[in-house]
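Single chain ahead, written as structure tokens, the form predicted on its own.
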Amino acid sequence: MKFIDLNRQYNNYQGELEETLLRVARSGQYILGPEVEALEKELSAFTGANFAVGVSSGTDALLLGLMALGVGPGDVVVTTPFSFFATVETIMLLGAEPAFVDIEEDTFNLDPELLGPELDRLEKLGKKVKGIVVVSLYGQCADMDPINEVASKRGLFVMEDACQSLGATYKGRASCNLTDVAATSFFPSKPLGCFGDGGMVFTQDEKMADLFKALRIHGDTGRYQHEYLGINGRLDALQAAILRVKLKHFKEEIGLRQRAAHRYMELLSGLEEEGHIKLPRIDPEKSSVFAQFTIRVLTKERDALAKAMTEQGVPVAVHYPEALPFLRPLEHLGFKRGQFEKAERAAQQVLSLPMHAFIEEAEQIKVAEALGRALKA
């Protein structure tokens, strides 16, 4: 059993993918070009965002989004303490300072009720808050409306880190079309993944989209006309072409992921009723793409449980074992244990189970049985 079985996905679309690979190889156009432009249009239509700009990775999508929004030294950007490192890394690479708002217990996403008080605290300290990066973790959107409302009143930008949530919805609207700017990732393990690295930034504003396009080519607005300091952040044609094939099947795969998640819910409900675990909660006004199927382990030490499951032939993962404020590159900022109780608790309890569109019922039964044995051993 594989944690994410990309071979099984490849086999399902093998003919289409191999035809595409050959077509691009023969085209002689390998960076940007028609394939990237077509993917941008297709994902703009898919999300409802006015503009989509292909870039080299999800991390670069975050970085370029922040660059275009004017983040730099002296700025503070508020975000979640529970996410992959790239969320905060990109803030700090631009010389800005991260601040954190703790998460909701059920969704693992930034808690809107805590946002206003944290912004008030930062204002009293004389901090120059520039904006908010909101992560839609594990495939479920954060509660964007109250976050956008608070930001609008204070003149702050909101960027959605949608690297795990492309295809999810919030009150009938698509992830990547909920904020000023959004960033997603096409890393192979993502719900929509390519054969390497890739990403995309989304916006409603044409000038912002044009800025993304310049920044991804070293700030170039015309050949050798470098108007800005940018990066080498271009999406290559091969990845775009692969994504276009997978995008044709994406809605079906989302349905398969949701069906697999529902099956896990049924198989594991008894363990939750007994108090051993806590299953994911999806708000009624949202849909999730289940980039991960992540439970909380309540009655066993999580790492020991993960080892016991691996020994039974069931691969598991921990997303993520430490809250962001306590990683080494942030030590100088002086955050203290206990400041982000929910995020810190999540880091000790979360465990992700094998999850992909093509997981079979028998495999999920094996996962559930292994988890039950490991919990009760």
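A residue's number is simply how far along the shown sequence it sits, counting from 1. Here the structure is a predicted model, which is why all the values come from computation and not from measurement.
The discussion below concerns the form predicted in complex with a small molecule, not included here.
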Checklist entry - Is C163 close enough to the small molecule in the predicted complex to count, meaning some heavy atom within 4.5 Å? => result yes
Item to check | Any non-hydrogen atom of F187 within 4.5 angstroms of the small molecule in the predicted complex | outcome: yes
Next on the checklist: Is it the case that V135, even though its partner is missing from this view, gets within 4.5 Å of the small molecule in the predicted complex, heavy atoms only?
Outcome noted: yes
Checklist entry - Quick one: is Y320 in contact with the small molecule in the predicted complex, heavy atoms, 4.5 Å cut-off? => result yes
Item to check | Heavy atom distance at most 4.5 Å to the small molecule in the predicted complex, all of T59, S83 and G198 | outcome: yes
Checklist outcome for this item: Partner-free chain; cross-checking the small molecule in the predicted complex, the single residue of N109, T87, N177, T294 with a heavy atom within 4.5 Å is T87
Item to check | Interface stretch in the predicted complex with the small molecule - options 94-102, 109-117, 155-163, 252-260, non-hydrogen atom within 4.5 Å | outcome: 155-163
